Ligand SMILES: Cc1cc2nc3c(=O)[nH]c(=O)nc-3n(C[C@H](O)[C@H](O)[C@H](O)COP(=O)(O)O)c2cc1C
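A single chain, nothing else alongside it, follows as C-alpha cells in the form predicted on its own.
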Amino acid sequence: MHDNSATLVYFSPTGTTRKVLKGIIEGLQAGTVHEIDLTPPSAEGYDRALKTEGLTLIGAPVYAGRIPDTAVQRLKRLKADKTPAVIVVVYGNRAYEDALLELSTIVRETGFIPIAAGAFIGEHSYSTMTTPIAAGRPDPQDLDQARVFGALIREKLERIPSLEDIQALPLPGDFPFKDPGVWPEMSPTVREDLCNRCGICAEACPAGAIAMDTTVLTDKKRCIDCCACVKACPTGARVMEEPLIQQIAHWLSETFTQRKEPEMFV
C-alpha cells in the first residue's frame, strides 16, 4: 500500500517538532502535503475527521517524560478511520520516558494505526546561552536521520499489502504512565527596559496566556512553561527567571551533556 499524499499534525511551540516532521516528509518523498497546526490557542476548537487516504505524521514535544496536557487535549479532537500514522516525539536530550507510548495510545483511540514511531532530540525549552541544553537541535545530523526514517517508512508502505498486515510497534514506556506531579504556577517575565510591545510573544504563546496592554500581561495559570515567548522575542525582553526553572535548567545543562541520538521504530 502506498499513497503519495501526507498530512502533518503537530503541537510545536518552539518549532522543533515541526522541523523534524518536515525532515521525515523529505525522506518520504510525499507529493501532496497538508499541515494541521495544533499549536495556536485556536486549535482548542479544532474538530474534524481526517481523510482516511494517505499517511498522517503526528508529532508532539515531551514535557517531563509525557505529552503535555495542552497537546493531549487538542490531539484527542482529531478523528480518523483506520488511517496509517507515523508518531514522533521530540525531547530535550534527557529522556522521553512514557511519551512515545502515550502518543501511540492517544492516536489509536482517535482512529489512527501507528505504522512507525520515532523519538528525536530538539533544543530544550529551558536552554539558554548560559545553560545550553541540546542547543541548536535538531541539527543537520538529526535532519539527515529524519530523512532516513522517512525513506524507511516509504519502503515499509511499499511492501505491505494492507493495514491489516501491520503489527503493533514494540514501544518503550510503562503503564500507568509516569505521574508528572503538580507544578507551581510559573511563567516568564518581561524586562521592561528591552520590551518594545511588538506583541510577538503573545502571538507565539500556544496557551493564550499573554495579553498586550500598556505592559505585557501573563496569566500564570494558563502558562505551560514552553518558553516559546522567550525564544520568539526579538529583543530578549522575555526571560524565565523562576528559581525552580533556573535550577532545573542548570541541572539539565550540567548532567545531560552527552549527545543522544534519534530512536526509530519501523
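What you see is a predicted model; the values in this text were computed from it and never measured. For every residue, the number given is its place in the sequence shown, counted from 1.
There is another form of the same protein, the form predicted together with the ligand; it is not shown, and what comes next is about it.
Engineer: So, 7, 76 and 112: all three within 4.5 Å of the ligand in the predicted complex by heavy atoms, or not?
Structural biologist: Negative, none of the three is within 4.5 Å.
Engineer: Only one of 90, 71, 87, 146 comes within 4.5 Å of the ligand in the predicted complex by heavy atoms, so just point that one out.
Structural biologist: Comparing distances to the ligand in the predicted complex, the residue within 4.5 Å is 90.
Engineer: Could you tell me if residue 224 has a non-hydrogen atom within 4.5 Å of the ligand in the predicted complex?
Structural biologist: Output for residue 224 is yes: heavy atoms within 4.5 Å of the ligand.
Engineer: Taking the ligand as it sits in the predicted complex, is residue 62 near enough to touch it, meaning that at least one heavy atom pair lies within 4.5 angstroms?
Structural biologist: Taking the distances in the predicted complex, the answer for residue 62 is yes, it comes within 4.5 Å of the ligand.
Engineer: Within a 4.5 Å heavy atom cut-off, is residue 175 in contact with the ligand in the predicted complex?
Structural biologist: Judged by the heavy-atom cut-off of 4.5 Å, residue 175 is well away from the ligand in the predicted complex.
Engineer: I'd like to know if residue 122 sits close to the ligand in the predicted complex, meaning any non-hydrogen atom pair within 4.5 angstroms.
Structural biologist: Yes, residue 122 sits close enough to the ligand in the predicted complex that at least one of its heavy atoms falls within 4.5 Å.
Engineer: Looking at heavy atoms inside 4.5 Å, which stretch does the ligand contact in the predicted complex, given the options 91 to 99, 191 to 199, 165 to 173, 146 to 154?
Structural biologist: Looking at the partner contacts, the answer comes out as 91 to 99.
Engineer: What are the residues of 4 to 37, in order along the chain, with a heavy atom within 4.5 Å of the ligand in the predicted complex?
Structural biologist: The stretch touches the partner through 11, 12, 13, 14, 15, 16, 17.
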